[in-house]
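Following this are structure 1 and structure 2, which are two forms of one protein chain, each written alone as structure tokens.
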Structure 1
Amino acid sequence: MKASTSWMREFADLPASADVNEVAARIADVGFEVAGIEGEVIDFEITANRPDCLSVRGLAREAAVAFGVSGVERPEAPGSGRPDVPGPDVPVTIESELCGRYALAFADVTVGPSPDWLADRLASAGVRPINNVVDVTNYVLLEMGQPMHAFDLARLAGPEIRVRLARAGESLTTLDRQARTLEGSMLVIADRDRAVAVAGVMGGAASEVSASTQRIALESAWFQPATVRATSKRLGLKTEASARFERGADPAAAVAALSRALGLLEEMGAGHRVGRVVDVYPSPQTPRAVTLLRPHLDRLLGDQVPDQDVTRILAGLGFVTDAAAGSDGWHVEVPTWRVDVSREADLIEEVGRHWGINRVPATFPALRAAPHRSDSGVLRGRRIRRVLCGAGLQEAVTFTFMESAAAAPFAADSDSLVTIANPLSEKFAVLRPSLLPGLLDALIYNRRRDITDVRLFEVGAVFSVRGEGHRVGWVLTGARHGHWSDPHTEVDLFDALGVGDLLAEAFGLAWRSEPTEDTAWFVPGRAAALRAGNGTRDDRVGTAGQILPGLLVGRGLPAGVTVVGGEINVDALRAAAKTERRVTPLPRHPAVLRDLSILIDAGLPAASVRGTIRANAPATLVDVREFDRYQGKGVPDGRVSLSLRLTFQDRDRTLTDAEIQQALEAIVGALSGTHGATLRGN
């Protein structure tokens, strides 16, 4: 809302010494942010709750209270008019309760350009001058905040006015020359035959005031905010009028605004009122009454505003205050233009913002109860970040929404994707089903900028039609060590598995990796399901693998780059997480280490070998760990040499060579019998 200081001074006795900057600053201090100052024109940002300040008078009222000066109340006179000319007989019918008041006045006019002073004021407020009649309606809109519309009376069939809902399929060409198809929910102004204006939004071209217009019908009405808002949105048509009606105009101002317009027309020599003002106002609004109690005022502000300041502020803003009988406070009558004030807290805000929030002494609230522990998800997120950053992965933050084509390969099925009804663009059309697509795009973004070693992770929400879940995902590409001494070794599946292993360790989760075939985004044969628990139910907590090269090329990565990654459902981690673990006392007796190198079929999973060893070993076997795996010279085709380190330990005694030997023989025998394994080298 742009308002010049000279215009505001017509309604507020502002000190002559206050320049435009000071006026702007004082009004900003009471809640109207200044977007810019040009000459003596200030551009204010008006919050959605204050339609009354979409007007020069409203802003002047705020300025007067801010400066502690009096406002200028000016009763509007409709001019002397032409009593000698008989007025027209135009019946007005309101057929929908969405219109609360409809007033109509008539004037004989000589359409022409506006005088310079008026054209200049409109221009300073950013409104283009059109002709004297239209300009006067816009002038009153800016000054009083009441939208008006002028019809060429000769173009209204009847002539009569009916305020009704549009008929289905009814159409209207609006002033902006757009042909618009109306819907049955839209309120229109109609003459005898058809719609002539979209109520509160824009008039029709057919009844527009033109150079040949001789008699006008001036409309000043009140429409229900929600209907104007809905219609304006539906038509994609925002106007100065709709902006005010949809936030709430002052129903009491309708006739005063007509008077002001008629007075202006006469003053400019542009026309004269004829006939009487028609005013259909079925249930006149009475001002709301609100009680403001002193203890409530003091309690909410934490400050004591003196009585005379409370009443000065409220009265200056147009509230009528009366000391409340029998209690410490005031009965307050709310002016009809203050659509935002309906209860005590609203009045306290009025007092607070004009008293000055900055004057209220700062205090600190007492902590009266022990604070609760933060949500487990918050602490879990922190732990994941600590572990993965420590492992040399960089945290990424990627968008929750993405284009459908990027998301689809990672969804269980395309029907499970959550789509956005009104996306900003196709790039933000669906909610991510997985963290991997966003991470991969970030990885590719870096690769395309010649950053070859990329290690990223993200913690965040994923979505499917079944609901929201929480995951941690990671992607790795480039050199494994990133050191000049080993530039050629690239990351592989086991780097991705290792990240999962770290997380499992961090959350005290016993888990295992198994081959899987149902991850369409991983290379077949290089995809693992990460499972926790005993395998009797769906205990999959995540996946890891090598990303399909075709997917990556499709997203812009040059061919031939290996990328691995994985993802874990952190809701599962939350369920399993033991954040504090008891330690067991260290053993007093030495452990015995034995290395075992065996030849097995290349396709035999290590987990099977481990399982056979454990199943055939005494309880003193406490750890089995692979430390070498070799194929090539000295190993027959189709076989692989696997070396394992076995750790034997007993808490209570030192193990003897004989029993270790016996255990090893049993293990080797079982490996040979079960897997056809043979001892190597020896």
Structure 2
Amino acid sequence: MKASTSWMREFADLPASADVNEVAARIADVGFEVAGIEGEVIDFEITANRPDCLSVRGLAREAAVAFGVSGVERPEAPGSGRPDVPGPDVPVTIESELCGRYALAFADVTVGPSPDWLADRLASAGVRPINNVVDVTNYVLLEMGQPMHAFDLARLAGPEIRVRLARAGESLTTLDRQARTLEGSMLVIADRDRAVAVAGVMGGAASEVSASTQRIALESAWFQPATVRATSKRLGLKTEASARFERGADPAAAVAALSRALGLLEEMGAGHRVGRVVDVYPSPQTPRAVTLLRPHLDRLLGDQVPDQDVTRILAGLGFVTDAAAGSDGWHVEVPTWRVDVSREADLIEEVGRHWGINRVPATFPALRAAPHRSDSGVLRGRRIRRVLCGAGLQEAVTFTFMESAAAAPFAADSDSLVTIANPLSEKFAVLRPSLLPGLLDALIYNRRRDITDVRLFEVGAVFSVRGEGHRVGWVLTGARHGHWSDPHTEVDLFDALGVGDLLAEAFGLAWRSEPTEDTAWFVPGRAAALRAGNGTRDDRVGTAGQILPGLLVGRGLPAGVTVVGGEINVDALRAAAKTERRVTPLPRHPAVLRDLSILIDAGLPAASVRGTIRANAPATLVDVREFDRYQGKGVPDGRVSLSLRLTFQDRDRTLTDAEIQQALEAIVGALSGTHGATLRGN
């Protein structure tokens, strides 16, 4: 597609005195050449709030302002008509307030093919040419945005026109040859005996213009948008007319469109106006008046648009402006075709978009007060996201609603699920009891697309009949390190616990993990409860473990894939976290490392061993880590060899060997007395 300057060059030679009709003709002549496509059509996408742009004139009005040419509307000449031929007497009655205006004009016509220029323009706009009378109504619709309809006057009973609500069960065969049953809420155009058109949607076949038609009645009206929209939806019938009426047509255009259509018929030699135009307009609409103040314009737009440019833009778009007496601003009369403009901010938007948002200088808004401190929950969420994203996990956002069968394995019991009274479908039948189901679905989605290493987390609400809670959940699968030097080591329970350790450290929380068997979604023996506290408190804040393979296979993951994960109650995390965190300088004195290998019962958790060591060691013990676990030759049945590395350090001095040996003896004695441990080799 060519650059926008190509479009602008097409208007460069337009004189400043060019009116909107000349601009409209130039748009029609520019064609697809601007887009690098052969033909004489430009396709625009119009938003629903701008029905005035569903016409060539509406677009020409915008182009005239955009390219700096005058855009003065020109009244339509209805043609001289035939004064020697008396017009028909057709009474028009509006029986429903859903019709605000109904105009009717008459013409003697000779029905035949349209001239090439008219047929070609309709075809280029996607409208099938039918005959010269119908084609003129479609042409005026595209040009002015006003839908019209032509009746064969001889086929109207009476002849008479009544705008009324349909009778219950009344039927009408529309122009598409479909028999339609009407409802009592639908507005119809009727003659003396029956409905002959669905108002604002489509005419009826019984009164359509045919080759034998000699005199027509041209209809041009305004219907309330809501009734046309409802009728079009109920009938499943979308037309060019309904698309304009349901968005808001221009009530002032009804008679002008009739004049334009009658003039075209006379210009083509296809017909002559006879009689007078019948215009029933019970409650003429008064144009809206809006005041535009200069201080508000400058503040909201962020720039000072010169007065002459404000007047030029608004006048070019059809607004009537008058300087506000005694104030810095304008009184603006909104044209009837601008249904989207009802307040001062709308006028400022009109000025801004034609002045050029790109011309508004980039400035920071003035702060007149200190910003409010964010909610503590928001701050906790930010900290969690920062920590886990820094550790290489990616945040996922999953649905709060889910399928009951998928939620049941992760609920405390089936009665705790919160069901939706009117779900959109079975897939959204309950509120999630846990973050893990949604995270597992996201993990499986990635695995199916050949992403083997997946690390996801989510912070969000979970629900049960006992209330709502906030949790952070995570799932991991694939290689532990993701490095070429060790590509085959998969994640396990300890990686899931490591995520919990990161969160505990971020919140200054002392906690421990211990085996648990009360989580039905974890593999037995590979699940841990995360508890906060140092002995005086014993609060469970979460769980971690390996997801049951059966749950994964049931959700579509191939067998043999290991997935670990966990959840932590964010509210409990906050309650257990330290309110103050101390920062200490780095130690200046060296640390002393000692390795200790002991034989203990195979079922004894390592966390218990660490707890016993810390409880009986001096304050100089700063770290305890397991680095080896052996079970086999040389180790009695039911026992395991556990090797630990102890780190001793004092911030004020260097420790002596005697102090280290005394501490080791106290630790070994405590392990022996508490757990029956023995030093390996003794």
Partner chain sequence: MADTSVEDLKQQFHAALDAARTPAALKALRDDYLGRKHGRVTALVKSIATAPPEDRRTLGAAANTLKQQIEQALKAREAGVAADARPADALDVTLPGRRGWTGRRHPLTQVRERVEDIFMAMGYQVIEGPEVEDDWHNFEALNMPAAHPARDMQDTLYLSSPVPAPDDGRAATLLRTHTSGMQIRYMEQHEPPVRIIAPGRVYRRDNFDATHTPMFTQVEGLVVDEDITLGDLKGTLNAFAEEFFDARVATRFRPSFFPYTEPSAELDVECQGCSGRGCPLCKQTGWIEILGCGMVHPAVFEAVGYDPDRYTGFAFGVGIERLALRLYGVDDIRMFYENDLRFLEQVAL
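Here, residue number means position along structure 1's sequence, counting from 1. Just so you know, these numbers come straight off a predicted model, no measurement behind them. Between two forms, the rigid core is the largest collection of C-alphas that superpose within 1.5 Å.
Worksheet entry | Structure corresponding to the form predicted on its own | That would be structure 2, which is the form predicted on its own.
Worksheet item: So, does R373 move by 2 Å or more at the CA between the two structures, with the core held fixed?
Response: Yes, because once the rigid core is superposed, the C-alpha of R373 moves 2 Å or more between the two structures.
Discussion item. Core superposed first: is there a CA shift of 2 Å or greater at V277 between the two structures?
Written reply: V277: C-alpha displaced by less than 2 Å between the two structures.
Worksheet item: Any chance the CA of G145 moves 2 angstroms or more between the two structures, core superposed?
Response: After core superposition, the displacement of the G145 C-alpha between the two structures stays below 2 Å, so no.
Worksheet item: Rigid core superposed, T363 Cα shift between the two structures in Å?
Response: T363 is displaced by 2.6 Å at its C-alpha.
Discussion item. Given the rigid core as reference frame, how large is the C-alpha shift of G460 between the two structures? Answer in angstrom.
Written reply: C-alpha shift for G460: 7.7 Å.
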